[in-house]
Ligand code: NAP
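Before any questions on binding or motion, here is one chain by itself as structure tokens, the form predicted on its own.
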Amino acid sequence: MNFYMPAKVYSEENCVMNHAVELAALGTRALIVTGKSSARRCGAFADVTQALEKYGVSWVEFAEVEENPSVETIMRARKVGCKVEADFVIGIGGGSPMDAAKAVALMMRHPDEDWEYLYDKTAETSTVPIAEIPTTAGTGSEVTAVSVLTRHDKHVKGSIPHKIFANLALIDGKYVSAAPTRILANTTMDALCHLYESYIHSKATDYSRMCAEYGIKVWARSKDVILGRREATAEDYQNMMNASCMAGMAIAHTATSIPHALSYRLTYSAHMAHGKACGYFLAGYLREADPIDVGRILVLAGFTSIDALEDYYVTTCGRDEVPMEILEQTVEEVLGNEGKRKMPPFPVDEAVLRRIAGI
């Protein structure tokens, strides 16, 4: 067993300003990679730029990262970063900007390579320095090595083969305090899927389960907020972010499993939010697993049964009707991917996948 988590993590109120020295020490000119507005709306962008300017570090913003960022977006951002001679990258946002920041940092380090370098399994994985500031409580990308990109040429979404960790992760719960209820529900569901999939995984170890088990306990502290049973506090928002980070640490050691593998087609073809798409398959996945393991992690989150978990999903995220052709397609795709079928700690064949998908 091993435990490798190279990102330096700080999690606290006013985190960015408290650790501005370390953020500014990453370079002399930053490329800030964000979405169109959320980083500014939540205050994270202002905190980051103030921290940089306090120590004389200049910056340029690339605010064009879409949901499920494409290879084309990465290459546009690389072009901007190289043109302005940026020497490090800061990702601010949810999974899309943070995943994009990793890929951009890779391509800036290799400015003469074309987009195919992103998918070259034999290529060197070196990057310019990276800092990540999450503004949603679901992805955990600030502590994983994963960068999920969309390939429009193949009509698919998936991880690039390069394993890229951030140098620095700065986590502040206040950045999710203004998030709409729908966003909180979808992103915290993503975190729960990370925690459960990591625990019920063929690569699970005592160390990965350490992160998963405690992460589930932290996740459960704010469950009533997502259900609308009480108002959120600052502590709730920090708990949501911390649970997401612990979930990221867990999947950094195991990867995700079948719910995530099945979800990508729903995200791409049915335009379903990522966390909601993963949650669509979570109950079905747990029904295939060891009842003792499943019982343990259900109790840790305050669920009495798999049905109670499914009720929570329907109440908070909703359960959309997915066209049968999309479900059939995603089952076929995962069935044809041996690596993904080896993720669970139980045999996976077509019948199992169809049961998980509910078809």
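Throughout, we count residues from 1 along the sequence that is shown. Nothing here was measured: the structure is a model prediction, and the numbers come from that model.
Missing here is the form predicted together with the named molecule; even so, the following discussion is about that form.
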{"query": "Residue stretch of 281-289, 183-191, 71-79, 110-118 approaching the named molecule in the model of the complex, non-hydrogen atom distance within 4.5 Å", "finding": "183-191"}
{"query": "4.5 Å heavy atom contact, S37 to the named molecule in the model of the complex", "finding": "yes"}
{"query": "The named molecule contact in the model of the complex: R41, any heavy atom under 4.5 Å", "finding": "yes"}
{"query": "Interface membership of R265, the named molecule in the model of the complex, 4.5 Å heavy atom rule", "finding": "no"}
{"query": "Proximity of S257 to the named molecule in the model of the complex, heavy atoms at 4.5 Å", "finding": "no"}
{"query": "In the model of the complex, the residue from C211, V176, A166, L106 that sits within 4.5 Å of the named molecule by heavy atoms", "finding": "V176"}
{"query": "Listed residue that, although the named molecule is not shown, lies within 4.5 Å of it in the model of the complex (heavy atoms), from V148, I171, A232, A204", "finding": "V148"}
{"query": "In the model of the complex, residues of 76-105 near the named molecule [heavy atom within 4.5 Å]", "finding": "G94, G95, S96, P97, D99, K102"}
